[in-house]
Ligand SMILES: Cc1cc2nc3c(=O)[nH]c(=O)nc-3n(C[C@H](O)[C@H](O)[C@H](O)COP(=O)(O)OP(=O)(O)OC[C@H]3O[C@@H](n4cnc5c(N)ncnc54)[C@H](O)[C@@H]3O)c2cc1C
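Just the one chain here, the form predicted alone, laid out as structure tokens.
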């Protein structure tokens, strides 16, 4: 395996480090933490395990490698700063979702594997809460539950099937009719919903930076401002950066939607963008006008292009989704004015009582998405020493923070290190070594995805969702 960085996708975004040497803030979350870029890798270094990517996935794998094997030499390379990418820009929802939804997983895999997959995802949600508590990470974590809202009759019929599947599999979801729904949220466009009490929300940038502090205290060498320029798969694997090189026995590619810029999982894990807008802080009276005063439930609409919305610690409303986009040549964009304006219009459609509320922030970022919407974990490379965990399809907060529990055992086994007795006993999930479907390159990929995107949008419109 030979990888080389393509600088062109980054030409459309500002560098993570500004001209003054500080962090270029993209999201609201970045404004809530004091991010001081760490030192870049200099010269030649060796490591038993090198991790490429300083998001939730890379941090989780670093954490579990050192937790299980404190003597292991682990280095983590981040091209900007830890939490600059998706892990510092997402909505902050830790949910058990995998695939499109539970019904989709049942239809694809059957009841038994669907139950195993979702049970693991619930363990991942609980794990996020445990990590925050165990390491006293101040990240505004709240167990708000999650409510999937039906906005049209067609989606309501499908949601009924999903609710019945959840009941059959033993999950404690609740069906909320229009009246019960008003205990959580009020809007004329909301018909019914499925409520799951377990999911939580957090400030993702605070959590990412908190985990950076944790893994560094365990002895992980974290280098920021260190983009990978080339990777040569050998014995050892050579990772070349602008000012140095790391020679490692094993490597983890924790790059998700940014993998394409290195040629990793190219045309398999697609760099799909989603966008968010955020309001000014709302008063208690304003929240009560839409029924969001008593309960702070996190919400999502049931459609192909979902809307996801939640409250922040200071009572702003984060509202995201509406559309998703892939740009020609794998280009990366931090904002899309058209999609973000559509988000604002949809917000006012759902909540006309809040049409006076101002929007203060808007941002976006890239997700890693496979065509089947399933994650992609596994082992590869010429010598079976290059690992990956990616393709979360926008539902990665819980699973990416659980990645270490899944990925550390095979890495340590390859290194000849036995797991401790208190290691998490997590079997490899169904998506381990499941290769996402390949697509042809641009321009066929770009226009094909635009056609697919248009079909999904048309279907949402046709159903009235």
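Residue numbers count along the first chain shown, from 1. Being a predicted model, the structure only gives us computed values, none of them experimental.
Omitted here: the form predicted in complex with this ligand. The next part is about that form.
Q: Which of these stretches, 408-416, 434-442, 53-61, 36-44, has heavy atoms within 4.5 Å of this ligand in the predicted bound form?
A: Contact criterion met by 53-61 only.
Q: Although the partner isn't part of this model, could you tell me whether residue 49 comes within 4.5 Å of this ligand in the predicted bound form, counting any heavy atom of the residue?
A: It does not: once this ligand is placed as it appears in the predicted bound form, residue 49 has no heavy atom within 4.5 Å of it.
Q: Is it the case that residue 326, even though its partner is missing from this view, gets within 4.5 Å of this ligand in the predicted bound form, heavy atoms only?
A: Contact check for residue 326: no, nothing within 4.5 Å of this ligand in the predicted bound form.
Q: Find out whether any non-hydrogen atom of residue 155 is located within 4.5 angstroms of this ligand in the predicted bound form, and reply yes or no.
A: No, residue 155 stays farther than 4.5 Å from this ligand in the predicted bound form.
Q: Do residue 396 and this ligand come within 4.5 Å of each other in the predicted bound form, heavy atoms counted?
A: Yes, residue 396 lies within 4.5 Å of this ligand in the predicted bound form.
Q: Of 132, 276, 205, 246, which residue is found within 4.5 angstroms of this ligand in the predicted bound form when only non-hydrogen atoms are counted?
A: Selected option: 276.
Q: Only one of 98, 77, 106, 369 gets a heavy atom within 4.5 Å of this ligand in the predicted bound form. Which one?
A: Answer to the contact question: 77.
Q: Heavy atom within 4.5 Å of this ligand in the predicted bound form: which residues of 3-21 qualify?
A: The stretch 3-21, when checked against this ligand in the predicted bound form, contributes only 5 at the 4.5 Å heavy-atom cut-off.
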